[in-house]
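Only one chain is shown below, in structure tokens, and it's the form predicted on its own.
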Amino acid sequence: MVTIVVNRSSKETALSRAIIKKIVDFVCEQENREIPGKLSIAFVSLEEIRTLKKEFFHQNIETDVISFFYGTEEPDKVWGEIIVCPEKAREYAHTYGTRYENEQKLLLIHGLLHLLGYDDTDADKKQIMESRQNHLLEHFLIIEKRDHLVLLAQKAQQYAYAPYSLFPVGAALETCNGRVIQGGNIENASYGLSVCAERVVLFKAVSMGYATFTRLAIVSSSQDYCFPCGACRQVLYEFTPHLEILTARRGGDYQVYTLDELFPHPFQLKPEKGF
């Protein structure tokens, strides 16, 4: 298991240790590689990284990230080092209209790919590396969204009203513009009037003016993954047939499906001619 050492000398806000660890683990998993030793990651100022570039590469220019591969023979067991300049990340975010944090994530992924053997010294290799790093960032950001949505579903579970089944369920529904609607199941003494958490959040969202959605997280306190019932699948299908469904369980781990995968043959009415 890799040991990550983080150093910060830049005054800019940098990625947290938790996010750094998630990114390193994610990239290694995707590349099917292991890091045999310590990985040193430093966030430095623009002047510091310029000095390093001049000292080790004989180029007196600004840069955004530098990687040093040491291998497994170093006495301090540092396998590799990545130097990131947050100031350049902020510059890129301003230029391209992206999030500052995501630009840092991209630089970290770029530096890590270098240590794993990727090269950008010619046009073809550069294209391969850039394509890979962009794909990894996109995938990682989706995972972050999924993790966050499950967390919001867990929080919504606290407000579920389930005195009869004692089976509180939380749901979090993400709209196509990124808004998240939360809710829990609401039971009634007349059991047939109870409403599942999935329909609670959907009805709430539609009543607020939303009609298209990207993903839905559902969680219960069970050790089993929490799937939407048939009625909820039918109601959800009315709005988003390809909705991503995150079925979570106690502890927060989850599985990913699409609604049309879980509900391949919905009931549908074709509109009458002239309407």
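One-based numbering along the sequence shown. Since the structure is predicted, the reported quantities are computational estimates derived from the model, not experimental observations.
The same protein has a further form, the form predicted in complex with a small molecule, not shown here; the description that follows concerns it.
Undergrad: Counting heavy atoms only and using a 4.5 Å cut-off, do S165, N185 and F227 all touch the small molecule in the predicted complex?
TA: The answer is yes; S165, N185 and F227 each reach the small molecule.
Undergrad: Name the stretch, out of 194 to 202, 76 to 84, 174 to 182, 116 to 124, where some heavy atom lies within 4.5 Å of the small molecule in the predicted complex.
TA: The contacting stretch is 194 to 202.
Undergrad: Of A89, L149, L108, V169, which residue is found within 4.5 angstroms of the small molecule in the predicted complex when only non-hydrogen atoms are counted?
TA: None of the other options qualify; the answer is V169.
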